[in-house]
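Single chain ahead, by itself, as structure tokens, in the form predicted alone.
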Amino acid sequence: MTILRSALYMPGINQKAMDKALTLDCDAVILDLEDAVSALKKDDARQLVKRQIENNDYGPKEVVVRVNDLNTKWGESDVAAVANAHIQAILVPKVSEIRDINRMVELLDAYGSELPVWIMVETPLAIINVNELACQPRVSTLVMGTSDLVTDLGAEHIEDRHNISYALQRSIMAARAFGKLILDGVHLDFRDLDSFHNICRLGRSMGFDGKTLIHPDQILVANQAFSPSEAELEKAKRLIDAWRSAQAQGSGVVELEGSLVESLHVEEAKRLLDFFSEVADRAD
């Protein structure tokens, strides 16, 4: 089971930050060659990231590199540097059409790389085309780029996010329809952890698997918000016990705490327990 409650962006030009990420409890580290690196430092960052991957073991964390758009002068060199590196995926920005994915896959194939592709969903055109983007076999994860999306829409960042709910929900639908993971976009006010917690809970209730982060202080909040609570785990155990008891007695009807239990509820309960077990194994 792939767990991505927290995916922390780390600037590819910041050696200290990338070293610190080795010890952090996030589920994924995104070494960023794009937004976090100025044009004058792109080549330096690429070499730093390459050495960082070669010389360090990030343990159970997913290591992902966000490269520059292939339409820039840095994109292809970024891919060449990490195509065969010990990472779990490559994150492609500004994906709006299938040809954007195909171009990246063709480039990876040319280097003999089978890396999965994560795609940034951050433009109005990407939202319109998200079904076609999500169904591509090489794509494993969708990452919402809500900062760019809000800007392109001429909208504002508001806590209840009703102004971009259509884009978020449409993207989640596409991810679920094609069996892909999906991460919510970053929360820019990283010092307001109460607001961040509320947004994480809202994201989980919508169906997101986790959250992309810009600061280590956000990790614990995201991990807690996108994990089942003790109450949820206890209820899952009771539900499975009740289901098994009814099955053993030949009953097709199961009731727990005033609610009817169906097979889909049992499967969800099992998923929560498996999720908790995987997280506990990582902690050990």
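When you see a residue number, it is the position in the sequence shown, counting from 1. This is a predicted model, so every value here is computed, not measured.
The same protein has a further form, the form predicted together with a small molecule, not shown here; the description that follows concerns it.
- Note on contacts: among 220, 36, 53, 242, the single residue with a heavy atom within 4.5 Å of the small molecule in the predicted bound form is 36.
- A single residue from the set 108, 90, 130, 186 has any heavy atom within 4.5 angstroms of the small molecule in the predicted bound form; that residue is 186.
- Of the candidate stretches 243-251, 211-219, 38-46, 55-63, only 211-219 has residues whose heavy atoms lie within 4.5 Å of the small molecule in the predicted bound form.
- Using a 4.5 angstroms threshold between heavy atoms, residue 261 stays clear of the small molecule in the predicted bound form.
- The closest non-hydrogen atom of residue 20 lies within 4.5 Å of the small molecule in the predicted bound form.
- In the predicted bound form, the small molecule sits beyond 4.5 Å of every heavy atom of residue 162.
- By the criterion of a heavy atom within 4.5 Å, residue 24 is counted among the residues contacting the small molecule in the predicted bound form.
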